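Below sits a lone chain in structure tokens, taken as the form predicted on its own.
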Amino acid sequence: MKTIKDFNFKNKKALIRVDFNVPIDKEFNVADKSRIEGAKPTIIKVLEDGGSAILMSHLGRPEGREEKYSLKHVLNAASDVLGVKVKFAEDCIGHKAEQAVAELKPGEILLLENLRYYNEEKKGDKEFAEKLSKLGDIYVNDAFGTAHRAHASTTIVAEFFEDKAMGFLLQKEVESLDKVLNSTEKPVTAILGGAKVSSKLTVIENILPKVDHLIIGGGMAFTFIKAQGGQIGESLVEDDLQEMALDILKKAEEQNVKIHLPVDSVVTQEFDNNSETKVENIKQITDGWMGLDAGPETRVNFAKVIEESRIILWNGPLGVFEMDTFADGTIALAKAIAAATEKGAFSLVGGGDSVSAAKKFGFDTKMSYVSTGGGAMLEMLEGKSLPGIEALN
């Protein structure tokens, strides 16, 4: 599979699939520019070679041509981050797009209008993909966040190009995941949190043979605790998955993988930031109370495991971190991963909630790599091949 380094873009037009699906506030300003910053090295490489960059992306989930989802709202932020005034095409196919591309000079950047204004994008329509392909000489995919979707601009368009490559961001994502899943360095620790076991079942099954330690936290831990005979009060549980939880514990033991579960929990009677709390043994939670965060003893136990790890994968928080009262477990976890990273461990953070937590508490810059694609990363962890990456083969 070729990367962007394998090409010289002099006098070439690069059609680059970026992920500019960024949050926009009520005044139509970009609230978080990190996805644009992530695409910057790829775009700058094309310009420095003496080529021009045509950027295509989707924004939101518009029903037809909704003004609020126009990518023109991203123009100022993109120009600001890239240090080059970005031009705009009022369409992504057809006469307007083709004319804007024809007028583009080396060293210039053109942003196409929202791909999702066309239903054909999501359907992976071949005719639509062919129209997109006419806009560039070389196809570059740098949108890891959409690589698990077989959409026209992420997968089908690649069929129409002899020359196609991974952008720097996509390459980094794939290499980081490969480092976790196929590591020669030991021990490897995976931390899986979040609300439900059901959303992580295939991930657990796929990564068990590849890790030495598996930390299970957040709401999903209660299914394991209850399956082992624990009293969990009103805590979140998936009763139909208790057998599966016991099966996972058995498989882990057979494969010599140490599973670490919480031993205590911060419990409350109301799902409210200002509700009364106490710490209880996770196997003896009082009736009418529910666990919403990892307790102090659990935090210490998990930190010890992380401290000795060489490769760390973090996917999912340990509590309802959006409420300050129940954020301490997730903060302690992030702190432990950051400390291990500083000592030379490789840490990969992925999944919407983990990334949000890392950013919220200022740990995102202290990790080795923060993934940009929640769904795509989960599918890779499940062992699935991503159509957006396969299309570049």
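Numbers follow the displayed sequence, beginning with 1. What you are looking at is a predicted structure, and each value in this text was computed from that prediction instead of being measured.
What follows is about the form predicted together with ligand AMP, which we do not show.
The stretch among 297 to 305, 148 to 156, 194 to 202, 126 to 134 whose residues place heavy atoms within 4.5 Å of ligand AMP in the predicted bound form is 194 to 202.
Interface residue remark: residue 292 is counted as part of the site for ligand AMP in the predicted bound form, having a heavy atom within 4.5 Å. At the 4.5 Å threshold, heavy atoms of residue 214 stay clear of ligand AMP in the predicted bound form, well away from it.
Within this chain, residue 261 is remote from the site of ligand AMP in the predicted bound form, having no heavy atom within 4.5 Å. Although the partner is absent here, residue 322 lies within 4.5 Å of ligand AMP in the predicted bound form, judged by heavy atoms. Here the marked residues 142, 167 and 388 all miss ligand AMP in the predicted bound form; none has a heavy atom within 4.5 angstroms. Checked against ligand AMP in the predicted bound form, the residues 84, 75, 279, 236 give one hit for a heavy atom within 4.5 Å, which is 236.
Residues of 206 to 244 placing a heavy atom within 4.5 Å of ligand AMP in the predicted bound form, in sequence order: 218, 219, 222, 236.
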